[in-house]
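The chain below stands alone and is given as structure tokens, in the form predicted alone.
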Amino acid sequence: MDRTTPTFDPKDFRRALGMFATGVTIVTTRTEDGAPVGVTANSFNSVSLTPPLVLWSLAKNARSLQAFSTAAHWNVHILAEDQVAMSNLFARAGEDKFGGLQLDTGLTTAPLLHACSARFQCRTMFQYEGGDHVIFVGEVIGYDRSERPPLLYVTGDYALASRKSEPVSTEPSADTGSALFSEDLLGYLLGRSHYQFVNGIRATLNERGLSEADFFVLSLLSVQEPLSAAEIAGHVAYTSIDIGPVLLQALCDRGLLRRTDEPADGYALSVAGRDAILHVLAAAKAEEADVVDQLGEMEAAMLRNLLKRLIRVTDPGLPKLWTGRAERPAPKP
């Protein structure tokens, strides 16, 4: 009986396959003359626990196919969420991929990359033809893992993993999702989480006699100073709190700020102001450490990533905080 191969639109077929989230790996080996070779791959998968076998695949037109086809050993590195640049580097051809990279000592001569989420050192067992790819099956002869959150790839872009949350409500309703106001309202979740987090540093703010407005000004100047009154107001505009001359003068009168000559109406932290904000930021770091401990590094990384994306898509054009004065546009004459 004749079998016909279905005809698919290659781009659409790739997009459909991209709905399946995968990890991102770099597979390394050495050529017969000892040169290091590495490629980015998301085709990695487990095969067996006993014996411990894993597989990955490489395109038949890949430049490194010969090296992997003749290699007795290769290493698979599951990348951590902050190793996007390394993933991109090893996905490109014709570059010195190992220059300047830190390598660890492994069980074989195959290059062993540093600081990954997990690493598998493998001995080649089998190779199979798989259409336009070659499938490599290896026996794991050594592995290690860390608590660093892994990098994912889904729908054509990098992503992070997060556990599915249980409802916040003690008695979730079956029709909560259709209600006008529900626990899934993004504003409610952001607002509640903000105030619950700030509550953890409230005692330190009270000890120092600082309002939230005071905290905004002092923390801003701890990152970038001196700033003019207009610049301070611009940076804190998202809070809807009036950071005007009265508040700034009050902070000066309390000895927390000092006036500067450049800019002419500029403000900077005094010694007392720097001491106060360092204590509050230390309390915030301690609160963050407790939250990260409960969430785990993976979900904490996901939370930071999502909040950064939310800030970017809702940014009305606020000035960039972590930008030096030399990088800011010069005032118009």
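No experiment lies behind these values; they were computed from the predicted model shown. One-based numbering along the sequence shown.
Same protein, other form: the form predicted together with a small molecule, not shown, and the subject of what follows.
Could you spot which one of V39, A301, A276, L269 gets a heavy atom to within 4.5 Å of the small molecule in the predicted complex?
When the small molecule is considered in the predicted complex, the option within 4.5 Å is V39.
Could you tell me which one of A93, A237, V246, V223 places a heavy atom within 4.5 Å of the small molecule in the predicted complex?
It is A93.
Please tell me whether any heavy atom belonging to H133 falls inside 4.5 Å of a heavy atom of the small molecule, as the geometry stands in the predicted complex.
Flag for H133 set to yes.
Against the small molecule in the predicted complex, would S43 count as a contact residue? Criterion: heavy atoms within 4.5 Å.
Looking in the predicted complex, residue contacts with the small molecule include S43, since a heavy atom lies within 4.5 Å.
Even though the small molecule is not shown here, does R63 get within 4.5 Å of it in the predicted complex, heavy atoms only?
Within the cut-off, so yes.
So in the predicted complex, does any heavy atom of S57 sit within 4.5 Å of the small molecule?
Because a heavy atom of S57 falls inside 4.5 Å of the small molecule in the predicted complex, the answer is yes.
In the predicted complex, does each of H77, F120 and Y128 have a heavy atom within 4.5 Å of the small molecule?
Not a single listed residue reaches the small molecule in the predicted complex, so no.
In the predicted complex, which of 284-292, 261-269, 303-311, 63-71 comes within 4.5 Å of the small molecule (heavy atoms)?
Heavy atoms within 4.5 Å of the small molecule in the predicted complex occur in 63-71.
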